[in-house]
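Considered here are two forms of the same protein chain, supplied as structure tokens in two stand-alone entries, structure 1 and structure 2.
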Structure 1
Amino acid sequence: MFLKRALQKRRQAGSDEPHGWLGLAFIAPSMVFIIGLFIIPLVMTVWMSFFRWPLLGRRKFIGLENYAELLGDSQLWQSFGFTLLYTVLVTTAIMAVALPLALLVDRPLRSVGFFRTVFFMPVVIGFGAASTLWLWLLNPDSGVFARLLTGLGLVDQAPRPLESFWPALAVIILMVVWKTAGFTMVILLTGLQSIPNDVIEAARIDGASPFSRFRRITLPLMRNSVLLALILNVTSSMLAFDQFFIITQGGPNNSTISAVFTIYLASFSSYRLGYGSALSFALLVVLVAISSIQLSFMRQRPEDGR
């Protein structure tokens, strides 16, 4: 009887509320933004991918020829393999740095606010500005790193890390970790602070060691935060461009050309906008597939993974 009355009151309250026009008015600016800056460009990109579309001159419909060429493009597959390698290495490095930082700034210390600010500050710097800064720091003639190493007597000659593949990749990863670990730290810190203190205190009273509490309580309860950080880092790494374009310029010997760098070269160096559009759409499909797999893990409950 009580449930029936509650349902009747809810229906009456719902009938008195205005229609959804007010809600539509609130979301209209966001919808305009999404349609204008995502939906329409996406449709135009797919449409252009079916054309031979030079920067200057008349376009010609060629159907799926751009996608057929894409499958046999050795440079594309090389850049895609490098992008996957970079994504795995840089994502692992970011998580390995961000998680200890989050644990550090989660402590009730007097100066914890200062350290949170310091660790987060590189995030506000744009990738273009950060890449330019590191390119100057790595300059073997006038860079700070070269002068510091030679001044301390650690090396006889200034190092030139950008002239070899693995040192160049290590420099890029180091720069990206410095630039983005603070943002991942904030995401993980949010997950840490959402864990009830009663749970941790109960485990401490039961005699669980700090490592056991971290492995069996902290990590499982911040699972969604870890997965969110992984999704954001993997997506941004797959779309990496600025650091390779500015610091390595694709070298040495075109070994650090990322997938987005390949799209840039096809579209604005070779002036093949149709083929560049096909590459862009193919990369979008790959990103959607990877993100869908990651989101499927996020939707699972912790007990389902046992």
Structure 2
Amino acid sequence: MFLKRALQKRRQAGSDEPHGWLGLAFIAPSMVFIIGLFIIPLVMTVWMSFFRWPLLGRRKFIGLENYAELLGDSQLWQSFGFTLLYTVLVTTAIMAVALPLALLVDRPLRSVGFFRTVFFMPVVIGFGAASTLWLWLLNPDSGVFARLLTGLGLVDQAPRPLESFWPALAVIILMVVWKTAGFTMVILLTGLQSIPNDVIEAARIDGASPFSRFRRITLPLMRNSVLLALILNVTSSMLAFDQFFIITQGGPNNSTISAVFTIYLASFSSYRLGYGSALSFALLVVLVAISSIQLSFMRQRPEDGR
């Protein structure tokens, strides 16, 4: 009894001290999740990619055959190429909208908080809901855009953007800019607000024009948040799936099938789990390569460059 109480007391006193096996107990549950549903599947992805692995029936070790097939898979090259094209275009478009937005809402006005909230609002809606919402907006028969255009007499026939490649891509990009520009705006705004006011004030006194103040001072000083916004946008665009699955359904003529869409089709439509894993691993390698190039830019401080 006495010993038990003494031990209890010791444990109570010790739990905040810097010797803590108890700390391991606190993080143990999180380890169960991360090992079970992240580390093990990650290793399995590589392992499975060496097999012919149907959902039903026997799996067979085939070495690098999946990778050999992958190299010669024209649909795959097309979808990876399309994903890269989409990533470059959508990231450029998002930055081109989000930077002016951030500059616009970076001022000490009372109403600015309201506008920040409004610009950010679509970010919290899921991609699934946003995609179906735009599917309706763009529908030639019942959608608002078509009826506005024909109603105002601007066009005779309602446009059918989803029937050819570039209009379909443009529509997707417009939707994604609407949905995510607010997110990038907030990241850039954090960068803007970390710039000390007196630096810009000093430049103003020295007679620098607003444009050169922005180009020579503001932009270099917010370099890290610009790079961060780029990394986040590039990564999420490389993983795009929902909008293509819902709005274009991969069409027209399979021209808007993204990389993740290809993995989805291989693993969960054709049930070629081994080949799907090889595709996943290939995508992962591309992603990690792109992220690390971007991260290395971020590590260089702006001063180092000069």
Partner chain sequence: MLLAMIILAVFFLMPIIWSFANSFKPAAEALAHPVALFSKAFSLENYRRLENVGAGWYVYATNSVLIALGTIAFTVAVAVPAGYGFSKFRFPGQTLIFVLVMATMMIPFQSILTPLFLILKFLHLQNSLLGLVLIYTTFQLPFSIFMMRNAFDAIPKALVEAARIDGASQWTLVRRILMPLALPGVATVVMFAFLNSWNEFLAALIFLSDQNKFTLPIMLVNVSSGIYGIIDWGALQAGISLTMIPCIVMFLALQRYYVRGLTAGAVK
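Each residue is numbered by where it sits in the sequence of structure 1, with counting from 1. Note that the coordinates shown come from a computational prediction; the quantities given were computed from them, not determined experimentally. Here the rigid core means the biggest group of C-alpha atoms that line up within 1.5 Å when the two forms are laid on top of each other.
K.L.:
The same chain appears twice here, once per structure, so which copy is the form predicted in complex with the partner chain?
P.N.:
Only structure 2 fits here, because that chain is the form predicted in complex with the partner chain.
K.L.:
Relative to the superposed rigid core, does I27 relocate between the two structures - that is, does its Cα move 2 Å or more?
P.N.:
The answer is yes; the displacement is at least 2 Å.
K.L.:
Using the rigid core as the frame, report the C-alpha movement of G36 between the two structures, one decimal, in Å.
P.N.:
Between its two positions, the C-alpha of G36 lies 3.7 Å apart after core fitting.
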